[in-house]
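The chain below stands alone and is given as structure tokens, in the form predicted on its own.
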């Protein structure tokens, strides 16, 4: 399989949006692999966390958005704690999830959910909300 990469692709609107939403510089990662080595959810992921960030770095955002890995990330911060460059990979995963939902048109109106539904939401949703809306 031949893959062609261009400057336009690497600095595409998708990549800029991911960096804007996450507040992270995707090019800071140099792929030491510590994020994937310490990830407690890695065994169920179709791509390892460092592979997701590589796809984004190469402008292959569509492939990253199609991956199940972005949904399996538990936002546990293990990767962030281990990263020698301080790349907050859970923020990148959250940005990818958000963009994937926007692309598909998925969204929830919180006001229309009943209390029982909110009680059953995964903790990941709360963590992502806290991280997004607090300093």
Partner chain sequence: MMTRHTGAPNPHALIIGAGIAGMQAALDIANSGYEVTLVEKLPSIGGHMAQLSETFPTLDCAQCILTPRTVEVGHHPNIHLITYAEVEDIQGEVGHFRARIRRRAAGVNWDICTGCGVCIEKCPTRVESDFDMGLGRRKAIYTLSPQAVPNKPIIDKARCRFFTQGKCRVCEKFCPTGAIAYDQEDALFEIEAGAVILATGYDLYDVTRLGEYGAGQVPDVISGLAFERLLSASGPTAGKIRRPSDGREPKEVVFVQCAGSRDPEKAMPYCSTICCMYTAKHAMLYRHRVPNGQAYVFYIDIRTAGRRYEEFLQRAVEEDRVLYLRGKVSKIFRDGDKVVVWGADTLSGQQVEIAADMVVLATAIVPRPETRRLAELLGIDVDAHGFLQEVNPNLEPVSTRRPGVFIAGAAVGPRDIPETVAQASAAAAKVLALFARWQAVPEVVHAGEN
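For clarity, every value in this text was computed on a predicted model and none was experimentally measured. Numbering follows the first chain given and starts at 1.
Unshown form predicted in complex with the partner chain; subsequent notes refer to it.
Proximity of residue 26 to the partner chain in the predicted bound form: non-hydrogen atoms within 4.5 Å are absent; the residue sits far from the partner. The partner chain in the predicted bound form comes within 4.5 Å of no heavy atom belonging to residue 101.
Taking the partner from elsewhere, residue 57 is found to have every heavy atom lying beyond 4.5 Å of the partner chain in the predicted bound form. Not displayed here, the partner chain is approached by residue 42 to within 4.5 Å at the level of heavy atoms in the predicted bound form. Residues are counted as partner-facing when one of their heavy atoms sits within 4.5 Å of the partner chain in the predicted bound form; in 23-50 these are 30, 31, 32, 33, 34, 36, 37, 38, 39, 42, 43, 48, 50, in sequence order.
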